[in-house]
Structures are given as structure tokens and as C-alpha cells.
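The data below hold one chain only, encoded as C-alpha cells and taken in the form predicted on its own.
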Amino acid sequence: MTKAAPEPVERPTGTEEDVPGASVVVVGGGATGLSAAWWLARAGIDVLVVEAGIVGFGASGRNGGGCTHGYSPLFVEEQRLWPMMDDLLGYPTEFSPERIRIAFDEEQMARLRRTHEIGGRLGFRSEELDSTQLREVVPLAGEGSIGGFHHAFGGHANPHRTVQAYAWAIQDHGGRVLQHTQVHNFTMSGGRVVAVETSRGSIGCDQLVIAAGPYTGTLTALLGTEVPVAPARAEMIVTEPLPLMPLGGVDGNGLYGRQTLRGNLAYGGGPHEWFDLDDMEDQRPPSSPLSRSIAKRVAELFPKAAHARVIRSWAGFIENTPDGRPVIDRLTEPENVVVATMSSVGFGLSPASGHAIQELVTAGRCGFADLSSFALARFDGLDPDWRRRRGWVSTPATL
């Protein structure tokens, strides 16, 4: 049974004396940090989230809402948890199960079959559809596709509602969420982080979690270990409401997104627009060229919705590691720090990644999934100039 929503998490007031330390401080109020804090709070641990802006203001509240990541070692836990999240959190996420994926050529179809095979090996059911069957379940689709898959797993949720649900649920379990509070440094003693130095003063801690999106690398560098990430814009458009389709979660044509409960198509996807952290504020407005590209591909994916007007667009911020895979790891020095960057797939995996982080904090290891491929050590010896070598740098065209 979900509860009536309380007042939104508000901007904190008062002085630094109002913010005592916590057993665990989580730096970052995106979906990953909030989920980790919620798992810790529900385990009875005193936890405090420190967020530089407001919760979910990066990509966590500005994404397609997809919850289907078959290539991740957290996939099974992701699929186990999402159908229960409304009940576990006590607030609505608008999770809707199942997913349709559409292919426009054989190369795309081959990739979809790969996801189908991975899911099948793990006991998840999906069905291949020809173009005629596809149009029956996706009424807004046209005749340009060659087919696709209907996954009886996965799904999508409302990012805005989900992020707020995490924040409320943290507070329900006795945790705290401190917004509009910048982290400047850390205080060390005996090889451990003992305090987080913020714009509101020093906050003591026994354990620290850094899940700060594009700023994760900058903050870990203060501890002598940098998590390599490159920031980029993630853009979305939203159309006016359209007749509801039987299944609202449809991917294809390089797009990810969903149909909302009101009938709007909310979609994003395309080339990353790389930038430097110093330019973060300049990146908040959406980019007209990329928004037009997304709108064009939405019209190709849903020809019977091509007449729909785009009523709003926005840009969020993601971060990517050099190999595109997440990092979830406990540092060896300082040994009381867990770092996490989900490399642009944080929202959908957040129920599972938060659980994994909670176990790393409390038990030193994750007991339900093998996180070895997420280890930070895989980047030992990384070329310091890796961003430029990959072309992941700001250019006048992207700015």
C-alpha cells in the first residue's frame, strides 16, 4: 500500500550546528546515491545524503525511465526488485512491466536477439515479433521496421516520482537528505575519512559513499584515487499526449524512453555531447540540433505520431567511464570509502546498485552479484589523456 505523498524534500535552513554527523554519509542525491541511502536506512543505519543541488536534478530525474539492463551483473536483482518498489518505498514510482524493442535492419535485430538469448538463459521470457505483429502491439508504429521483440521482463518507471520516492522513504526510515550543500574536501585520520567538509561545515562520518555523477572523479581525486569519468549531456523531448498504447515502454531507432500515463512520448538518445565540468552551468539548456534529431527519430519510430507537437525538452548530465561500464567498488585506501558511478545507466539499475552498495558498506562485499567487472582496478595504468584519445572532449560544435 503506497502512502499519500508528504511535502517535497525542501531546501535546508539553519546553521551547520543543525547537521550533526552520521554513521554513513552519501555524497550525491541521484538515483544511485539515494537508493544506497535508502537501503542503509532501512537496515537501521544512521545515514545522511549530501547533495549539491536538489535530488535527481542531474540525469536521474531526466532520463527515459528504462529498467531493462540485460548485460549487467545486476540485471537479475534489478528485475526482482522493480515490481516491488512501490510497496518497498511506500510511494508510487509508476513502474510498468514489460518492454518492446523494434529493429529497422538486420544488424539491429541481431543485437535484440542477443538480449533475448541472455534473458532466456536467466529464465526470462521474450517473444520475437514480425512487423505485422509489432504494429498490433505498438499502434503508433509504421511499416518501416523489420520486427522486434516483446520482453516479458524489464519495464519503465517515472524518474521524477522515483527519485522523490527514494528521498521520502529515506526520511521515513530515519535518514536525512541535505540539499544545496556542496562538498569541498574530506578530513582524514588513521587512513580513514572521518569528516566531509561542506559549504555548511564539517560533517563527521564512519563510512563514506561517493556517488556524485560527473563529479565522482573530482571528489575521489581528493582522496588520492581518481575514478575516470567524462561528463556528457543526456537530452530528452516530450510530445503532447497521444492515445495510450497497450505497452508504453518501446525502444528503437537509437532511442530510449516511454509513453507516460498521460500519453506523452518522452524520449532521448543520440550522440553524446561531451563537455568539461567547468562548463556545467552552460550545459543545462537543451540543444536545439540534438532535440531536432531526437524528434525526427521519434517520428520515424512512431510514424502515426509524427503529427504530435514537442511541448518541452531538457538536458541532464551523465558520466561515462572509459569502457562504458559502471564502477562499484570499495577503496583499499581510504578503506572506509565506497565509490559508485553507473556510467549512464544509473536510474534503471538503482534498486540493485543501491542494494550492492549497502552490502559493500556493511559487509565489505556484495552477496547477490559478482561485481568483479565493476572493480576500479581495471583502469590501473590508464593513459591520463584517455578522453582526448577517445574523442570525448568539448568542441565548439557540441557547445
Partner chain sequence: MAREPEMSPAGMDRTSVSGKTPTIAEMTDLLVIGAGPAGCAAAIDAAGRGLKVMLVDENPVDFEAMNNEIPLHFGGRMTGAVRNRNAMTDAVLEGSPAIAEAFEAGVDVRLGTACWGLFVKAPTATWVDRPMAGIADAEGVRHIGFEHAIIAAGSRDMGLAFPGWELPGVMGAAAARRLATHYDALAARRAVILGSGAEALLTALTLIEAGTACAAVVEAAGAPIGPSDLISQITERGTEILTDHVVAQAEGDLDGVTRVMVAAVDRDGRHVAGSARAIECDTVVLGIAAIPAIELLEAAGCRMTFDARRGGQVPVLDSGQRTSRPGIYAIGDIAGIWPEKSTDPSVAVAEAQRAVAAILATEDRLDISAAPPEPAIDIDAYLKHWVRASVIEAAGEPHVCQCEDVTARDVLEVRPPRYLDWQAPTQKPTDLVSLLGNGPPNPDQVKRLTRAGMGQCQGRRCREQVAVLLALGAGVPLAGVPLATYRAPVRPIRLDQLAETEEQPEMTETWEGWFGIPSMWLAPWELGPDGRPLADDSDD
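Numbering follows the first chain given and starts at 1. The shown structure was predicted, so the numbers you read here are calculated from the model rather than taken from an experiment.
Below, we turn to the form predicted together with the partner chain, even though it does not appear here.
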| message | Residue-level contact is defined here as any heavy atom of the residue lying within 4.5 Å of the partner chain in the model of the complex; does residue 54 satisfy this criterion? | response | yes
| query | Hey, in the model of the complex, is residue 307 touching the partner chain, heavy atoms inside 4.5 Å? | reply | yes
| task | Would you please decide whether residue 61 lies within 4.5 angstroms of the partner chain in the model of the complex, comparing each non-hydrogen atom pair? | result | yes
| said: I'd like to know whether residue 86 contacts the partner chain in the model of the complex, with contact meaning heavy atoms within 4.5 angstroms. | reply: yes
| request: Identify which of 79, 126, 145, 164 has a heavy atom within 4.5 Å of the partner chain in the model of the complex; exactly one of them does. | output: 164
| message | Please identify the residue among 289, 174, 246, 243 with any heavy atom within 4.5 Å of the partner chain in the model of the complex. | response | 289
| Where, among 270-278, 127-135, 215-223, 188-196, do residues come within 4.5 Å of the partner chain in the model of the complex by heavy atom distance? | 270-278
| Non-hydrogen atom within 4.5 Å of the partner chain in the model of the complex for each of 233, 314 and 320 | yes
| task | Just give me the residues of 177-201, first to last, that have a heavy atom within 4.5 Å of the partner chain in the model of the complex. | result | 178, 179, 180, 200
